[in-house]
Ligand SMILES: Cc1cc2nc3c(=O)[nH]c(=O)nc-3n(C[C@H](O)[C@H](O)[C@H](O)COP(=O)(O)O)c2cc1C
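We begin with a single chain expressed as structure tokens, specifically the form predicted alone.
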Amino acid sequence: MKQENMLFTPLYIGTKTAVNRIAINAMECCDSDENGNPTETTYRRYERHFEGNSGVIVLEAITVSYESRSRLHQLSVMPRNSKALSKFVSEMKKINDKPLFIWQLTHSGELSHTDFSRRVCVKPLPGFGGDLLSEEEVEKIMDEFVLAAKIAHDCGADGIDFKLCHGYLGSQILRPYNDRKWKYGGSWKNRTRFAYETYERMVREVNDPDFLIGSKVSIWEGFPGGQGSAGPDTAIMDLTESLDLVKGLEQRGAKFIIVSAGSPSITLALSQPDRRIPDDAYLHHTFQKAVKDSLKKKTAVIGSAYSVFRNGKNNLLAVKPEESSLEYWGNKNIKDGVCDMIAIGRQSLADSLLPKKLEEGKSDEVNWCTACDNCIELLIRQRNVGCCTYDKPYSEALKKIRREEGALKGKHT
């Protein structure tokens, strides 16, 4: 008797239902207009996502402030964007009204780009730093997050992902490294104040039990003083705070937790496992299970780092190819209670139609992500981001950038 494919069973998230258990992870693609509104390029990307019939689609990191941001052409969620974002949601829902559309709200903090914005920090981190935030400035940022959540709700989004991962401001405040003596640092109570109070305000001010609020969390950042480390000067893993955080978020209304790890600007291969040595993908399973065991059954746990498994053709050793694929591990981890849903990031750029193709038994037609990370290179270079393997305009753009850079270097040698 053929076993049920768990990836294509429905999942309740709060009061809403995801039609399947594949989510599109938030993937920044640097293609907004000068005011942070979606462009035709943005529309094309998300049209493909909605055509792919994922259970959840997470809108890429959309900044609550243009004063401090990491990307020149980053989507933003401020009053000036309301009309454009309302139209965007409406058009996507016309394509397919089944996927739950969740927006990842972010503030870049010490990852803000100094060429076009103000870099700020909670405590200077070697290689990053920035203007030291005051308590009043943090409170203003909290106001911006709350306003952004209200705008998302009013524009028709199904919920928001309050970003607490990958080295952005939410992570920076939570880290043990933030041992500064101030309202938002030092003790665990102080370091969770920003997250918890913002949650409480968002729930209260949006005032809609059907609106989904949750967070993507880096369970362990993998460097001294990072999230999930045992102290401000050690990289030793101690998940006590991370697991206490997700329980605290659940108590304050979180309906889902997207489990991640690493900080791409520091520990990229932990966040997005490297195709040459993809073994960190297994570590993510441990993090997902730890979060799942810490929360009540009603809170959906969404796991990341599945793209590198591909169709079983990867560089993982000591496993059979048929037991080393994205589909295999997604099914197994859902069935075994490791997570409730899986999220794809790089794979969503390679083939947004993955869920539809897998459900129709057409896995041989999937454009499998090669984990070449050329899309990440485009992101770092502040260019429009897409798949350089399967989408020719992006591969041509990257070749052109490299040629121009090579010619420039030649002039200076």
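From 1 onward, residues are counted along the sequence shown. The structure presented is a predicted model; accordingly, all values stated were derived computationally and were not measured.
In what follows, reference is made to the form predicted in complex with the named molecule, a form of this protein that is not presented.
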Contact assignment for the named molecule in the predicted bound form, among 165, 160, 75, 291, heavy atom within 4.5 Å:
165
Contact check in the predicted bound form: 20, 356 and 359 versus the named molecule, with a cutoff of 4.5 Å between any heavy atoms. Do all three pass?
no
What stretch, of 76 to 84, 240 to 248, 145 to 153, 301 to 309, brings heavy atoms to within 4.5 Å of the named molecule in the predicted bound form?
301 to 309
Taking heavy atoms and a 4.5 Å cut-off, does residue 339 contact the named molecule in the predicted bound form?
no
Going by a heavy atom distance of 4.5 Å, is residue 272 a contact of the named molecule in the predicted bound form?
yes
I'd like to check something about residue 346: if you look in the predicted bound form, is any of its heavy atoms closer than or equal to 4.5 Å to a heavy atom of the named molecule?
yes
Taking 4.5 angstroms as the cut-off for heavy atoms, does residue 60 touch the named molecule in the predicted bound form?
yes
Though the partner is not shown here, which residues of 372 to 386 have a heavy atom within 4.5 Å of the named molecule in the predicted bound form?
375, 376, 379, 385
